[in-house]
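In structure tokens, the next block holds one chain alone, the form predicted on its own.
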């Protein structure tokens, strides 16, 4: 991986975001996802690399896929593994709500954990709290540690939690400490990464979300120096999702074992989920969100707002791009 590849990776998420944004607010969840998938696949195919999808679109939403094991790129050049979510927050995009984005993580071959299509308990926190908060601790303990690490009163802390029935007790505990809860309906990747930046008003992500997205979040937080831990969830009684209505705890453990995951209770650090020497995160807003704006369509151009975080040079680049249309006559600076 090199800096030239990073620029092309940025263009991959930009093109996916634009394609999906054309369907924003139309209630067409799967169609928006399909558009992002095809745009991402097409741009990846133009890159001189031996790319491979290690985390792709799952079958859970019955949506089109960039499938696990799919080869992308020209077939020559460096070997690169990708974890992709072409339209993270498909419901958000379909309903024109905040937080949807096109997102991926990339690394040298073997540098990303092949997360199964399970759920994951997650804990994300700012760099100042790295290695001090811990997913094994209670929410109350971690909030006290966060307060000390950030020099903020507990009632000044905002904890993001997915708005799910399984988090009822977690939300009650957080509020009992005096900290604020910010529920989100979907899209916990952006919320996790926002914890890595001061001034976002987001201080921690807690709770259970999708495991593949956990790897993408871990890649970004590792590059930022932030805290991220994940633990796979295999008990349907804990996941509390209709998708697992016919699943059993024992059956899920057997599935994990078949995938080569024998220590099903292992707690993964960011450096294990994204272990490659070179790790890159790239995201581009489909709708406005915590970190960047969504796609804006204008008469002479299309504007995208993106973020690329890389361990190659220790940078986090916020990029606003103007995509000029043919025959453009007048383009405003902003």
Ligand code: VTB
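Residue numbers count along the first chain shown, from 1. Fair warning: this is a prediction, and the values are worked out from it, not measured in the lab.
Note that the form predicted in complex with this ligand isn't included here; everything after this is about it.
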item	value
Contact label in the predicted bound form: residue 164 to this ligand, heavy atom within 4.5 Å	yes
4.5 Å heavy atom contact, residue 122 and this ligand in the predicted bound form	yes
Partner proximity in the predicted bound form: residue 243 to this ligand, non-hydrogen atom cutoff 4.5 Å	yes
In the predicted bound form, residue 210 touching this ligand (heavy atom, 4.5 Å)	yes
Partner-facing stretch of 181 to 189, 152 to 160, 252 to 260, 74 to 82, counted where any non-hydrogen atom is within 4.5 angstroms of this ligand in the predicted bound form	181 to 189
Interface residues of 1 to 38 toward this ligand, as seen in the predicted bound form [heavy atoms, 4.5 Å]	none
